[in-house]
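First, one chain by itself: the form predicted on its own, in C-alpha cells.
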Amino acid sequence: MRYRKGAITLLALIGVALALPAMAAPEEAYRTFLGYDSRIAIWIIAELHLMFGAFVLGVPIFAVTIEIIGWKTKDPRYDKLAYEFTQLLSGAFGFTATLGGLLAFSLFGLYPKFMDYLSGVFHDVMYIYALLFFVESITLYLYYYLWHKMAKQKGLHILLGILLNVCGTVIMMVANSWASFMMSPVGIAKDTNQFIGSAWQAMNNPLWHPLNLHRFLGNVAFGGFVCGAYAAIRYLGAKTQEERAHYDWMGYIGNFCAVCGLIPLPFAGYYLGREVYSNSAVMGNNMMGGAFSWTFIIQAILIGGLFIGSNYYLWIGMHRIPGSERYTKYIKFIDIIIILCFAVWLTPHNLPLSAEEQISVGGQYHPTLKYLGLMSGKNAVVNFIILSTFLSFLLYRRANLGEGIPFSKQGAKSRWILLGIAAGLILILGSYSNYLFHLNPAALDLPADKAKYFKLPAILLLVQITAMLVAVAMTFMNRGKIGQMLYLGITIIDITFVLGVYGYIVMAVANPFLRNVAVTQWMTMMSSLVLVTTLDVFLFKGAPQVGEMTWGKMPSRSQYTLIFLCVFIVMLIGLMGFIRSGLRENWHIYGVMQDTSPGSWTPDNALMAKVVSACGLIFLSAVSFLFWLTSAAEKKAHKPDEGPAAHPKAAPPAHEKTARSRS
C-alpha cells in the first residue's frame, strides 16, 4: 500500500509538471525563493535530484548484470546480491521523483520567462519524458515485486530489468539534452534569438553525446560506491560470520562495478571538455585557465582519492586469498607509481602567489613544476594510474589460482574467440592509424608542414598492433603470461613515456593535434585492458584454487575505506555539477538568453565548497536513512516466527554458506 501511494504521488507530480508551462507567467522574469536567493535554492534542489538520479540509474545496470551472471552460473548468491541491490532502489526512486517534482515547481515558479522559452523548445520532448518516467516507475515495481514470483521465468524477469535500464538511460539522455542545449544552443535565429529549429535539432546539440557518455559512466561509478558503502555499514554491524561473509562479498562487487565505471571516466571527461572548448573557446579557456581552473585541481584530488582508495581496498582484500603472498611483494611498486602519478595529476600549471612568493620561485610559474600542470603530463599519468589499477585487479584475480589448462589444449573455440577479439582490436587501431597518416592539417587549422607531427602516434599504433600479434602468437605457444606482460609493458611505454613527452612538443608546435594524441593514448590503453583480460581468462581457464577464499575476515579499516570512497564520489559529482552549470556564468542559455537576476553572479570557490558540502551531507543523510529502512525491513522479514523455525523443512539459503569462489 505504501508503494501504491508513492506511485499515485509520482503520477500527480508528473501531471503538475506537465501543467506548469501553461501556469507560468512569462511576463515576470524572476521571483525569489521565500525571500532567499532563488539560484542557490535551484542549485541545491537540482544537485540533490542529480545525485539520487545517478544512484537510481547506476544501480539497476549492475543489478541486472549480476542477475544474469547468477542465472547463467546457477549460483543463488548472485541472485540474492542483485535482489539486495534492487531493494535500495525503491526508496531512492521515491526521493528522486519527489525532488524532480520540487525542481519542476521551483524552476517554473522562480524562472518563468526562462522556462517559457525552454519549454517552447522542448515541450514535445517533455511529454515523452513524463511518459518514459511513468514506464520506468511501473517497470521498477514489477522488476522488484515479481522477483521471487518469476524465479522460474528468469529470462522474462531479466527482460524487465533490461527495459528498466533502457528507460532510465533514455530519461537521462533526454534531461541531458536540456542541460547541453543551455551550454551549446542550436537552431537559434541570430537576429532575434528565437528558436527556429526542431526539437530533435535542439536535442542533438554538440555537447549532448559527450555529456551522455560522461554522466552514464559517472552514474555507474556513483551507484557502485554507494552500494559499497551500504555493504560496509552492514558488515560493520553484522552479528554472525555468515552475514560478514555476505556483506564482504557485496562490498567487493560494489567496488568492482564502481571501478569499471571509474576507469574510462577521465577520458569521457576529457572528451566532454574538448567539445566544450571546440564549441566555445571562451567557455573552454574559462574552464581550464580561468575562474574554474582551481575547481579542476579539487577534482583531481577527489579522482586521485578514488583510485588510491579503490586500490587500497583491493590490496587489503588480498589477505583473504590463500596464495596471494606470491604477488603482495609487487604492491609497494604499484603504490609508488600511483602516488607519484597522483602528485602530477593534481599539480596546477600556475599558482595564486604573492609578490614575495613570485620572486622566490622566479615568476608566476614554477620553473619546473609548471610543466606538470599541462594536459600532456596529466594525460600520461592518468593512463598510468588506470593501468596500475588494472594490474592490481589482475593480481587479485589470479592470487589463489594455480596453473590453468595450456592454451594449446583448450580447443578450437578458445582459439577462434581470441583471434576474433584480436582482429577487432587490430581493425580499430589500424583504422585510426590510417586516419592519422592521411589527416589533413587544414582540418585542424594548421599549415601543411605540421603533418609531420601526425606520424609518430600513427606509427606507435602500428607498434601496438605488432605487439598484439606477438602476444597472441606467444599464447598459442603456451607462453601467454610473457605475451601479456610484453603487451602491457609496451602500452605503458608508448602512452606514458613516449606520447606523454611527445605531447609537450605537440602543444608547442601543433596544439590542436593534442586531442588526437589523447585519443591515441586512450585507444591504446583500452586495447591493452581488453586483450590482457582476454588472455588472462584463457591462461587460468580450469585452474585449481590454491586455497579457499575467506570472506568476512576483512579488518574494519577496509570497510571505512568503502565509506570514504562513497563520500568522495558524492563530493565529486556535486563539484562536476557546479562546473558544468557554472560555465554558463550569467547566461541561462549561453549566448542567447542572459541571466539578469540579482543572483546572476558566478559563485566563488568558497561558496561552491559550502553548497556542494551541504548537498553531499543532505544526500548522505538521506541515503543513510534509506539504508536503515532497508535493514529494518529485512529484520522484520526474518522474525523468528517467520524464519526457519516456523518451517522446519526449509533448507538454509545458499547465500548464507561460506563463499567458495571469487566473483
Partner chain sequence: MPKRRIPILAKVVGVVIGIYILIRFVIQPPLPFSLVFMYMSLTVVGVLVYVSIYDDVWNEFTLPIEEFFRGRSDRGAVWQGVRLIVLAMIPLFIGWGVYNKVKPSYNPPAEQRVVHPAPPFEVAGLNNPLRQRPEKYQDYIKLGSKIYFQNCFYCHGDRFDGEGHFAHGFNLPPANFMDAGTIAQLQESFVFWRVSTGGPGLPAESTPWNSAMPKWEDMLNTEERWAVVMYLYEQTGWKPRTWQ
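Residue numbers count along the first chain shown, from 1. None of these values were measured; they are calculated from a predicted model.
One more form of this protein, predicted in complex with the partner chain, exists but is not displayed; see below.
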| query | finding |
| --- | --- |
| Whether 77, 133 and 542 all lie within 4.5 angstroms of the partner chain in the predicted complex by heavy atom | no |
| Listed residue that, although the partner chain is not shown, lies within 4.5 Å of it in the predicted complex (heavy atoms), from 72, 148, 557, 409 | 557 |
| The unique member of 582, 323, 430, 348 whose heavy atoms fall within 4.5 Å of the partner chain in the predicted complex | 348 |
| Distance check, residue 357 to the partner chain in the predicted complex, heavy atom within 4.5 Å | yes |
| Interface membership of residue 241, the partner chain in the predicted complex, 4.5 Å heavy atom rule | no |
| Close approach of residue 339 to the partner chain in the predicted complex, 4.5 Å, heavy atom | yes |
| Contact label in the predicted complex: residue 116 to the partner chain, heavy atom within 4.5 Å | no |
| Options 324-332, 174-182, 473-481, 154-162; stretch whose heavy atom lies within 4.5 Å of the partner chain in the predicted complex | 324-332 |
| Residues in 90-126 with any heavy atom within 4.5 Å of the partner chain in the predicted complex | none |
